[in-house]
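A single chain, nothing else alongside it, follows as structure tokens in the form predicted on its own.
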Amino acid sequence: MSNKIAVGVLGATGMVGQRYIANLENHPWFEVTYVAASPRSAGKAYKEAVENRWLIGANIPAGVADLIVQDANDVSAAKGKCKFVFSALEMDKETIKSLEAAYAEAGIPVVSNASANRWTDDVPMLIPEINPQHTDIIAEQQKHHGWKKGFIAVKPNCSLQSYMAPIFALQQAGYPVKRMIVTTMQAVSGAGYPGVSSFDMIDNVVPYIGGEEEKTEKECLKILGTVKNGKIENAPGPLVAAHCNRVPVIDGHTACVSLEFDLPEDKKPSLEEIERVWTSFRGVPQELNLPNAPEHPIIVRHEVNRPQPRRDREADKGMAVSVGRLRKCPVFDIRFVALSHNTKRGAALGGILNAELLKAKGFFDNL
């Protein structure tokens, strides 16, 4: 009998759900024992439910292929079959929000990819290298709702992953950022499946992604915020202006960043010091040696034309941020280009890393 923690995947037949299934195969701590999706998939074996629309490339993991898909709306079906669930639900936000709360109320923690609870005051929005201390709010969340074992934790929008670690590393080193302009060039896989039509994307760039600029400008403030008075209070800065574009790339979100430090001129870091900060940056996932933690969270490239999605998105298991073209900015202080893998770091593997952090901190001990 396996000693691994039994986990479920909600929205298991969708693109992100499939990535959870694939990425959890042979995980040293977790084992998928429960899959749930929409009522139209319920009652089918998983391999039948995703027949002709398995998008990941590798074969469906043998341990999951014959699991019977349950209706994700039936919370009671998950009880006794898994200890916690990964949420990759694709519904309207209010439905997701209430359904995730129903799982938590039933004593089943929810580690979510969905955006529905990102702005709930007592729900941590985690990037484990940056704000692992935000898990402290979970006790307040449980107290507020009367939940004994269940809770909700979420990951942020995928595009933030490409530049938040470099920004945080600088702030942690004593170089606070006052304001910045971010232009993201986001892969088509970020729109899910079938996503943006080929007619719209081939030979084209779409300079609009609904809600994306608002997420880019605001979510970073919660991630950099503090746990206080029973909720997470946003950080006062930096001030962010974002331009978000959909580009004809399959995987890999790129961000061009210009930033200004909130420091006197003689206190601002040199380019050499910035590179030292980035290359030496480590966080709690690296200290704990979590299974999906990159050895080097930030990788600095020195080529004049890097990072590039095709060449750099898989760096360190697809979990590292690749940074390049660091140089002075004639308007602000510095500018650089950053890249992360949106369907690994920015989606399922990022969610799995959140779960690994929660396990290491003891949140699944008494389930």
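Just so it is clear, the structure is predicted and the values come from calculations on it, not from any experiment. The numbering used is simple: start at 1 and walk along the sequence shown.
One more form of this protein exists, namely the form predicted in complex with a small molecule; it is left out here, but the text below deals with it.
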statement: For the small molecule in the model of the complex, the stretch among 107-115, 293-301, 257-265, 174-182 with residues bearing a heavy atom within 4.5 Å is 107-115
task: Note which of 22, 349, 357, 15 lies within 4.5 Å of the small molecule in the model of the complex, where distance is taken over heavy atoms; exactly one does.
output: 15
statement: If we test each of 225, 269, 248, 192 for a heavy atom within 4.5 Å of the small molecule in the model of the complex, the one that passes is 192
- prompt: Does the 4.5 Å heavy atom contact test between residue 91 and the small molecule in the model of the complex come out positive?
  reply: yes
task: Tell me, yes or no, whether residue 37 is in contact with the small molecule in the model of the complex, where a contact means a heavy atom of each within 4.5 Å.
output: yes
task: Flag residue 33 as yes or no: does it have a non-hydrogen atom within 4.5 angstroms of any non-hydrogen atom of the small molecule in the model of the complex?
output: no
- prompt: If you check in the model of the complex, is residue 73 within 4.5 Å of the small molecule, heavy atoms only?
  reply: yes
message: Suppose contact means a heavy atom within 4.5 Å; in the model of the complex, does that hold for all of 131, 276 and 286 with the small molecule?
response: no
